[in-house]
Structures are given as C-alpha cells and as structure tokens.
Ligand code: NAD
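First, one chain by itself: the form predicted alone, in structure tokens.
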Amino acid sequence: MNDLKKILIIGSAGQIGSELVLKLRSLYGNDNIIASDLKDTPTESIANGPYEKVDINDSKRIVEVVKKYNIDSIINFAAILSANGEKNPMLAWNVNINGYMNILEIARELNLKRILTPSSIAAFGPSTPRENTPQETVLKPTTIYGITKVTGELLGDYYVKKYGLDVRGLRYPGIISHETLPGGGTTDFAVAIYFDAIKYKKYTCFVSEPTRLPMMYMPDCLKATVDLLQADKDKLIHHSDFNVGAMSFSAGELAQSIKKYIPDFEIIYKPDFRQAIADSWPMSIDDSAARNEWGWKPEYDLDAMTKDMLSAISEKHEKGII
C-alpha cells in the first residue's frame, strides 16, 4: 500500500534515521524524502536530497517545512535514548514526549496521511515476562526512556481512536549497524564489539556475559519500518506498539560468533549502570501480531549478521575510515 508522496523524517542524523533516509529515497525518489535534524547541514550520507534544520520542539518550524514541501507523512526519530536519558530525564521527556505531541498535533491540524514513531523494548520492565514477551503485557519500565516510550504508544493510540489519525509504531529491539557509531543506548555493546574486534581484537563489555537481549540487524530494521509504513491500514488491529523480533543472543554468544571469524578475539566483562537497564528488558519477543497483521519476517540470524558486520567494518578499517 504505497500511497505516500512526501515524507519528512525528523531526527534523520541518528543510527536508524540516517539509513532509513537512503532506503526511502531509493523507493520514493530523492526529492520526496525530506531529511531533518538539529544540525545546520546534513551529514554526508544523506546529502543526496532535501534537508532542513528542524527542532522537534519548534512547532512553527515544523509547520513551515511541512507546508514548504507539501508533506503528507512524518517519521519521527528524534529521541533521547536509554543511557543518555538516565543522565538527563527532563531532556528525555521534553524531546520524546513534548516533541512527539507537537508532531501529533500538527498531523491532526494539517490532516496528514500518516505518522510513524518507533517505540522500543524499553517500554517493558522487570515485571514483564522476559521470555517470549507478549504483545499485550505489563508495561512498567524503570527508565525515563521506557516511560516516554509507553507514553508515546498510548498517545499514538489515543490519536488513532479520538481523531482517526493513522499513527503507527514498532517496538525496536537493539539495532546493530556498521554505518553509524553507538549513540547512547543500552544495547550499544552489540555494535561497539564489532568495531573493537576489528580495530583492537578485544572489547570491554559493559554488560555481563549471560546478558541476553532481543536484537535486529539494520537491514531487517529498515525492512520492518518500511513494511509497517506501507501496510494496509484496514488490516491493522494494533497501531503504535508492534513487537518486532529477529534474534536473541547473550553477550557471550555474540563474542563466540565473532571468534568464528577472529579466533584470537578477547572480551572482558565489566558491567556498569547499563546492566540494570538490560536486566529490566525482555530476553526474547513474541512478534506474532506483526507477522499476522502486516507480514513481518526477518532475514538475518546472528552468524549471518556477524559475517556481514565484520566484512563491512574491515573494509572501512583498511581504507582508514574508522
């Protein structure tokens, strides 16, 4: 259901946003995907199409951009992530909730076609079943990031019910990519470990060896996002809170996967404050609602991801990029 014409992506300089811009430009055309972020100029990777400086808390500026490009849909990636959120809870609330309210209100007032805002496994908490975490379950997170994600899910569903706005969202697991360096999330160890494996053949991990979390490789993350964005609205029972899964592994299993390709790789475990955050999150996800309602199906497992990650990072290292 590819009925969208002009899409604004807010927060496009981040890990997922920067790659989604390129993915959607390949599908919709460079001029039809407008990237935006707090930076004055776009990063090199997304400079192949329109870019606007936008602060999610500046409603007037967002409206200007929406009208300038005749935007019909907004994808919102502006967020303060879990670890950084704990350092500055007020900023996390202001960006993740007050900023999101701006988007919802603009979409309602200007009658936009569709809004997509990611949620996260951070919406769950220590009282949530951790194995095969259900779609419908207890949502009592213990981080400000998680609290904002639950609030965002509820707000999105409220705007669907009260105003008929087409709001969509998916609970991302940890996202792993070789294109963008870690950005302050608790699952960043699963990205940083690959870079350090190539550069130093060793890594100091900030969670313990048995820590198991749901993860997803970036190509699957982009696929899930686009699939939900383009899904037939009439087939959706849920809206802002789809569980999406791909693989689950422990920090130790990740290290063993790397050792298959780099036998002398060494890992040291020194858990810090992020360990408590990881321990409050699921270990595996039941994503049957996403599979049933919009046909979600991942393509990568741990070893396939590891092989691809190490190959891509090795190439960058040889070229002196990292």
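Position 1 is the first residue in the sequence shown; the rest follow in order. Every value quoted in this text rests on a predicted model; they were computed, and no experiment measured them.
Keep in mind that the form predicted together with the ligand is missing from the display, and what follows is about it.
S.K.: Taking heavy atoms and a 4.5 Å cut-off, does Ala13 contact the ligand in the predicted bound form?
M.R.: Judged by the heavy-atom cut-off of 4.5 Å, Ala13 is in contact with the ligand in the predicted bound form.
S.K.: State yes or no: in the predicted bound form, is some non-hydrogen atom of Ile175 no more than 4.5 angstroms from a non-hydrogen atom of the ligand?
M.R.: Yes, Ile175 is a contact residue.
S.K.: Does the ligand get within 4.5 angstroms of any non-hydrogen atom of Leu81 in the predicted bound form?
M.R.: Yes, Leu81 is a contact residue.
S.K.: In the predicted bound form, is there a heavy atom of the ligand that lies within 4.5 Å of any heavy atom of Val95, even though the partner is absent here?
M.R.: Yes, contact at 4.5 Å.
S.K.: Of the options Ala290, Ile285, Ile56, Leu254, which one has a non-hydrogen atom that comes within 4.5 Å of the ligand in the predicted bound form?
M.R.: Here the answer is residue option Ile56.
S.K.: Would you mind picking the one in Ala276, Val63, Ile262, Leu38 that has a heavy atom within 4.5 Å of the ligand in the predicted bound form?
M.R.: Contact with the ligand in the predicted bound form is made by Leu38 alone.
S.K.: Which one of these stretches, 196 to 204, 133 to 141, 112 to 120, 229 to 237, sits within 4.5 Å of the ligand in the predicted bound form when only heavy atoms are counted?
M.R.: That would be 112 to 120.
S.K.: Can you name the residues of 132 to 162 that have a heavy atom within 4.5 Å of the ligand in the predicted bound form?
M.R.: The stretch 132 to 162, when checked against the ligand in the predicted bound form, contributes Tyr145, Lys149 at the 4.5 Å heavy-atom cut-off.
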